[in-house]
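As a starting point, one isolated chain is supplied in structure tokens, in the form predicted on its own.
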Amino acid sequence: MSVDSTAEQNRQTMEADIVCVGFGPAAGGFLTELTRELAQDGGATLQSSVMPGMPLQVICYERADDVGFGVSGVVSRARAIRTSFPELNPADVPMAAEVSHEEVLYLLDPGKASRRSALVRFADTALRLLGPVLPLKDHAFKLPYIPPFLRKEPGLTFSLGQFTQWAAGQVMGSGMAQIWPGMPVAAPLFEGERVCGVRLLDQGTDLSGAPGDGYMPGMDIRAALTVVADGPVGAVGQALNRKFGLPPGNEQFEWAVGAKMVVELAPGSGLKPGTVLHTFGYPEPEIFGFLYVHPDNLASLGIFVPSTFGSPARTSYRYLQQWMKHPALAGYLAGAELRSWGAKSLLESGRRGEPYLAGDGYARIGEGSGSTNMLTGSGVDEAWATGVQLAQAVCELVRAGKPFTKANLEAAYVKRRRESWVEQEGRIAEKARDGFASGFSAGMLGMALAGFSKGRLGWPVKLKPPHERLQSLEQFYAGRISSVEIERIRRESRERGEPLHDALMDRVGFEPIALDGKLFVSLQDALLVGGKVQAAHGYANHVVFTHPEVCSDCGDKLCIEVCSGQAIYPGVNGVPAFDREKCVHCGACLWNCSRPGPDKTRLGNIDFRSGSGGLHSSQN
């Protein structure tokens, strides 16, 4: 959705100098740098055009009800963050610790249930045979060498939610910017090709968006500069992509859904604060995992299920639980209790998925701007750095009396970014994940080629949109489950109203998950025990199936299987239904849709719009 600002005249309007969409690490870096400059300047040169005599008027709108809504453990070299806070003491940020120990584990399949190629099976057998002379323990091989591009030591491990709350406190304490959580932005405002602000989401509507009792049109916030920091599935960023497209040769084809937890470790777990474990190889070879240990016996853990994984039935929560039961991790997690749970989509395209970074009246920062580096497995520090670069550019332009045109923003912001380490390392990582389109072994080789050659080499492959990579169940389980049995399992799962994916995993030999009410709980209980899903009354649904006839003809219904909160479920005439009271806003449905609409959109038949609410965690 995009809005022509001249189309309606009956909405309330507010003027600002700069409006920022979304508060995460990118906006945190932007507002931290900008408010410091404003405080030091005192209105001498960084003056407002809408409130003469005052400093720049800066407002940031965040969809979620709290700026620390996300459940995500982070390990980072924290170069940009430490530059912003050179005297930073990790003890000042809840759950933060310096990286003290780092390991990379290749997880073998203890039950031989995962789908592994002949080459991977051969490697697993060799490792087991050589186990007595190798660092092999509990079906896990500890890599004796961590490639320099992957190593985070020395660095920081922290909770993204706790860090963003801390950073927001610094910004708000300056008195130089406003941050408004619980205020979804519906769309950018356009005057021709220029972005002139944003429109807040209408309130008092029914689920389809039609005015109801207490209807209040969303206010138009007009600004000379709109800073787009709403992540990979944000409504404003998507609208800009639709209007302007992507630069020639760039595509956003690489995605992953992360399923994550914060747990309280049992005393005597053996894990010290600052310990970082990276894993790959299990429960399926393509799935990467992490475990980061924080102070006070807390740990963040999770997995990433990528778009290169071709199964047409997948539930990331079950994969997460299966990963936690691996012998190499189960010992550390014995006696642990769930504290928070969450999920998030990750745009893995990185530099190659970069949109236009600037245009007349707007600039893009953070993950949605293609800053994530999938070779190093990092994105928070990169996002923060892009925000800082834009803030420096803004100050430069305002002091020079130059407007926020595309040419000026490219000269001041984009040029800074191109000359920075974010760009240099992003170029190296640009093709690092290509090999996974050809399989796990090719993917690992492609990462090694890109990393050690500084991006000069990579795995040659033509990338496809996620929905074109999906196999049929019969193809995916060929040689393991017959088509007749697959149809029986599909029918029985549908009759019981249970996920098809769970039944298939049980059938191929994955150990069933025994729920203990503490660490291993059902997905719905995780939404209650480890967080609370809320959606404010009076907003339209934010997940929309744009062409119902396409859904009716779809036999996969992957959107149902992949939904992190079970908010998408079977509906009438084969069209999935949506329960916004369960949606955690992970965005996995957007890119996991297996059927493109008639307009041939590259991300399928689902429109992920602006919406309120999401997952609220008591401890993240």
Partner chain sequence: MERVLFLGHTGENGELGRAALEALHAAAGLAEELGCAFDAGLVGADVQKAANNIGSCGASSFFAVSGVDFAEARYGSDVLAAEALCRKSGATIVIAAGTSRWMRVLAGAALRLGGRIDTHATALGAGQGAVSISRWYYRQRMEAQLSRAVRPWIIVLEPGSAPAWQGEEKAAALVDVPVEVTDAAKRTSFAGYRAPQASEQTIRPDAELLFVAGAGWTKKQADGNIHIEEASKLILDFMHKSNASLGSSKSLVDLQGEGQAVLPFLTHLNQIGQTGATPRHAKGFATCCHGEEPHVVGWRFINERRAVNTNPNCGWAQGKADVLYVADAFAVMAKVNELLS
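Residue numbers count along the first chain shown, from 1. None of these values were measured; they are calculated from a predicted model.
Just so you know, the form predicted together with the partner chain exists too; it's not on screen, but the next bit is about it.
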Legend entry - Position in contact with the partner chain when the complex is considered in the predicted bound form, options 266, 515, 400, 130, heavy atoms within 4.5 Å: 515
Legend entry - Selected contact from 508, 528, 143, 134, since only one has a non-hydrogen atom within 4.5 angstroms of the partner chain in the predicted bound form: 528
Legend entry - Segment that reaches the partner chain in the predicted bound form - one of 515 to 523, 248 to 256, 189 to 197, 384 to 392, heavy atoms within 4.5 Å: 515 to 523
Inset, instruction - Determine whether any heavy atom of residue 537 comes within 4.5 Å of a heavy atom of the partner chain in the predicted bound form, and answer yes or no. - result: yes
Inset, instruction - Answer with yes or no whether residue 572 is in contact with the partner chain in the predicted bound form, where contact means some heavy atom within 4.5 Å. - result: yes
Inset, instruction - Indicate whether residue 581 is a 4.5 Å heavy atom neighbour of the partner chain in the predicted bound form. - result: yes
